[in-house]
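Given as structure tokens, the chain that follows is alone and in the form predicted on its own.
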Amino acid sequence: MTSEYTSRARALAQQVAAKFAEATDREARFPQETVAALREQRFFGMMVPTDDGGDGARLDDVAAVCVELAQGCASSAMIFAMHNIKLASLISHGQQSPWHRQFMGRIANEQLLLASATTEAGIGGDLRSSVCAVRTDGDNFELAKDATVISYGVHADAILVSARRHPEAPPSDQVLVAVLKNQYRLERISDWDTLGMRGTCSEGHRLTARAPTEQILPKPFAEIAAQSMLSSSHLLWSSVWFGIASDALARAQAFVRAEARKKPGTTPPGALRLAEASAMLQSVRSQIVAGLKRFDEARRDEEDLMSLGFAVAMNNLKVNVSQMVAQIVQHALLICGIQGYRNNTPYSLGRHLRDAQSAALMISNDRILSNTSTMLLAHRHETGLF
């Protein structure tokens, strides 16, 4: 069933995101037109609880919006996904903090855009390790972080930053802090000239910040990552990738239909491959829907949310979807042939192909599989359907 969010996002994707997608990709520029439209239609606060001024939307509503946006512009969809991943952490772990409750209200009322600074030079891509540390000074704290990636950092209104709890804390003893635009400074240390997802503008920055200590989320970052951040990341990223594959397959289907009209009564050569890709896309959709249902069940039970079984399920979702989406786009390219290879046809798939390659790299699949293999030493593999 199509929700009100889905129908509005579909119209926005078709009328705005798709219109500027090629320029966003070609120029590696921030998709300001799409972000402005999302802000105007108040999408950035849709998940904020109603008591705090938002719509109280569910994660599956956000996932559906990600799918629609990605069919127009994958970079725009990824920005929306990353904003909501941070928002999910605030909602899950900031409800007991007056400052964070007030901040969520501002996000909804002012349509603030959230970014994330969790990667760092010197940690090798390990989210659960930090070099930088929070240094408290009375009622305020300071931090300085060499963040190798801060997606759309210069365009954000606030950034959530991971750091060690204090200078003497081990790398894994982390907190998550929220800093507002007037509380931090960004000094660019690397550019964003990439194969795909070019509009996310994910340059590296040295981030320095000073803010009141009340802006530090009360729960340890380990709990935030396990209970909301990693699962919402895998689910919303997968939804973006599904949207990319859906649009690629739609172009392939249009190509096969055009070929069939040229030779009535003859099955085009790409028809069988189209059927194969369609089955793969249905499998991806089923995995995401099942993952969203699994998350909805687990979030009501903290023990389940922290379990190895849930972590393995979310890890498997990310790895499987990221691999299959790239295969589906490759199938679509083979179906469309030179018309998909060229950049100036209705069947062009170069941007889809390049954007899909990022899927296996956003938290490396090798790192995820390594973590899963360790968990499987202690967790019994599920063998039943229910």
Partner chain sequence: MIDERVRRIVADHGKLGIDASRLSTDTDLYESGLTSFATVQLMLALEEEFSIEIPDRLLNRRTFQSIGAMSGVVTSLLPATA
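Residue numbers count along the first chain shown, from 1. If you're wondering where the values come from, they're calculated on a predicted model, not measured in any experiment.
This protein has a second form, the form predicted together with its partner chain, left out of what is shown; the following refers to that one.
- In plain terms, the part of the chain that comes close to its partner chain in the predicted complex, with a heavy atom within 4.5 Å, is 164-172 out of 256-264, 178-186, 164-172, 104-112.
- Using a 4.5 Å cutoff between non-hydrogen atoms, Asp146 does not count as a contact of its partner chain in the predicted complex.
- A residue is said to contact a partner when one of its heavy atoms sits within 4.5 Å of a partner heavy atom; Ala225 fails this definition for its partner chain in the predicted complex, lying far away.
- Although the partner is absent here, Ser364 sits far enough away that none of its heavy atoms falls within 4.5 Å of its partner chain in the predicted complex.
- In the predicted complex, its partner chain sits within 4.5 Å of a heavy atom of Ser307.
- With the partner omitted from this view, the residue of Asp296, Glu303, Asp137, Asp191 that lies near its partner chain in the predicted complex is Glu303 [heavy atom within 4.5 Å].
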